[in-house]
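So this first bit is one chain, no partners, the form predicted alone, shown in structure tokens.
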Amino acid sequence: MTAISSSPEAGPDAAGLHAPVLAWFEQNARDLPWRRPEAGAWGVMVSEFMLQQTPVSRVLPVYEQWLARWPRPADLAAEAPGEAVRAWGRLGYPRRALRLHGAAVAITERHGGDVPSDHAHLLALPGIGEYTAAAVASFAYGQRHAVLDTNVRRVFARAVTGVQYPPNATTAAERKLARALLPDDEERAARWAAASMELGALVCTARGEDCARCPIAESCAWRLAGKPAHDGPARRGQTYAGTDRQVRGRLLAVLRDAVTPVGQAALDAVWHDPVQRARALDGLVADGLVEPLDGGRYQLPAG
């Protein structure tokens, strides 16, 4: 069997991918709360914010707590942004909590408290980029959009383009390919978006891909080429220990656990290097995650 063509003249054989991947998804899709009908568009949006750079296993408990406390955007919008940061816990990248709060406020003010279904309206919300707008429109409203996360990009890079990894940043060529691979039918396109993402998360993983379980292994361009090693720019690794991110996390942990403003001495106790600690605290203030008060005290943002 020949590899799926990705030449500009021929275009990718999308139909050869759709049926096996969709059939695989029907049998292997995880039962995740944001995929259930009762999650609604707000549940989908919350999950998309939380899942950015954070694995499902860490998101699940926080997601459940979040939706129990704030089942609608208006419920979150009525709270101080600092409460969103507090509830975000240790998911990491806490600016996502502020952005989700800002989106909830905008949804409440502009759309009567309902997450808009129109892609352009979603994209106009604060904190919403192209990926999140497409994901919500597709997963919540069943629309036809190319949803390109890391998992999808890796599946397309291997199956169609024939390389081990996609570029570090999403390219115009990847977007064009993703659009070309979309089924014409809206419902099928939305299912395809979820299925290709799940395939990358469970089978076509970054390390230790399981080709024996892959429904499109026989036509995968990368596998048929002998799985050539990645020869592009070095892939970015994520370090944490000893970085400003770790210091920021420790400072925020103190503030999340406090019911009253925190003094400087309590923050000084979390990290040994005063220069790095001060830099991390200044960064949190600049990002709007921490609010300085008189007397050298700090708290999560009140509004």
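In this text, all values refer to a predicted model and were calculated from it rather than measured experimentally. A residue's number is simply how far along the shown sequence it sits, counting from 1.
A second form of this protein, the form predicted together with the DNA, is not displayed here; the remarks below concern that form.
- Heavy atoms within 4.5 Å of the DNA in the predicted bound form are found in one stretch of 126-134, 103-111, 218-226, 78-86, which is 126-134.
- Listed residues Pro166, Pro116, Pro94, Gly162 were compared with the DNA in the predicted bound form; Pro94 is the one with a heavy atom within 4.5 Å.
- In terms of contact with the DNA in the predicted bound form, the residue from Arg90, His121, Arg213, Arg188 that brings a heavy atom within 4.5 Å is Arg90.
- At a distance threshold of 4.5 angstroms between non-hydrogen atoms, Trp70 is out of contact with the DNA in the predicted bound form.
- Contact between Asn28 and the DNA in the predicted bound form is not found at the 4.5 Å heavy atom cutoff.
- Pro55 belongs to the set of residues with a heavy atom inside 4.5 Å of the DNA in the predicted bound form.
- By the criterion of a heavy atom within 4.5 Å, Asp149 is counted among the residues contacting the DNA in the predicted bound form.
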